[in-house]
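One chain follows as structure tokens, the form predicted on its own.
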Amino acid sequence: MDPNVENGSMQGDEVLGWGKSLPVPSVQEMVRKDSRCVPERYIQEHKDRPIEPEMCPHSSEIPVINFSLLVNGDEDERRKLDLACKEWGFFQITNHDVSEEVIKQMKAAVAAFFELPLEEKRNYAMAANDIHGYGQGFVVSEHQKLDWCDLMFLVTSPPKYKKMKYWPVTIPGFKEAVEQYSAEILKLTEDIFANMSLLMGMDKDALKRLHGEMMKQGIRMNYYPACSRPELVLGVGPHSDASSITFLLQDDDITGLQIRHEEGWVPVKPIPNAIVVNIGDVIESWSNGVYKSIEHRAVTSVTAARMSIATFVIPDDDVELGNLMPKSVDVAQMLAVTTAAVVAVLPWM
């Protein structure tokens, strides 16, 4: 297979959408052809490379929240959640309601997609002006440094925003696995929002209401090939999420996610069947900066490929995204703020 076959292509029935993105080669196919190849466009500037001296002490670990205790009203666990949102912006949840089987099927569906031949994956390639589908989004310059990553992005909720032509039809059970997992994450979202609402001094349904009638969910499926020079590249460069909240499934055996903490980078060590949760820019804004949307990145491995599954929760387009919770305004006033049409929040930008 030719690794220079573009993994993004303009499709004839597309109209102007989310913004132009230039087609780029498939990293997965490039590595299959020559595992030692690291093209210049993927080599980060010296200041951006994942160097060891930047790492925080190994004793630094993000908080772990026992979800079962949290949803049953345990005050100590709720205080842990509050501290995690204020000081870290990230936490892992264990003993949650997403079953091990649902997680297993979701990971298998994603793995099956990236195992497809390139010619078949290209059937689901992103249009040059869209975020749905397979490729790399928002490549705006031939000189732009590229991520060591191929991705598949699907909007999963509400149904009116789905584009089913990007959902692979040749993988048995793919649609069912993604829809089941996304439904479970929506339930998880409501429970997390209820607890955060109480911590923010509101009634338990406040954050859900703030998202409007058409709260959206999108899933980004990431494939990070092994890299012969992982110290030169990044799977995903440093960024914060413009979502409300993000849920991440990691590979159980490979640590790739790192978060910015106290001027260094903390690796987020996977816990089997745990889900990593992070605060997005929207909740940082709504909380008046009390809860933090933290910069994070993904690094690569020299020994093995890695996959991850990020689920973004996004407010309705018509929800005001400014500071809705100034400290001088009470909850009743906050919820009475008149909403205005604002550009939709896009965490994948």
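Don't overthink the numbering: it's just position in the shown sequence, from 1. This is a predicted model, so every value here is computed, not measured.
Not pictured, yet referred to below: the form predicted in complex with a small molecule.
Of the residues 62, 282, 27, 310, just one reaches the small molecule in the model of the complex with a heavy atom at 4.5 Å or closer; this is 310. The single contact residue among 195, 189, 92, 222, judged by any heavy atom lying within 4.5 Å of the small molecule in the model of the complex, is 222. By the criterion of a heavy atom within 4.5 Å, residue 248 is counted among the residues contacting the small molecule in the model of the complex. In the model of the complex, the small molecule lies farther than 4.5 Å from every heavy atom of residue 319.
Although the partner is absent from this view, residue 204 stays clear of the small molecule in the model of the complex, with no non-hydrogen atom inside 4.5 angstroms. Taking non-hydrogen atoms only, residue 163 never approaches the small molecule to within 4.5 angstroms in the model of the complex. In plain terms, the part of the chain that comes close to the small molecule in the model of the complex, with a heavy atom within 4.5 Å, is 231-239 out of 155-163, 178-186, 126-134, 231-239.
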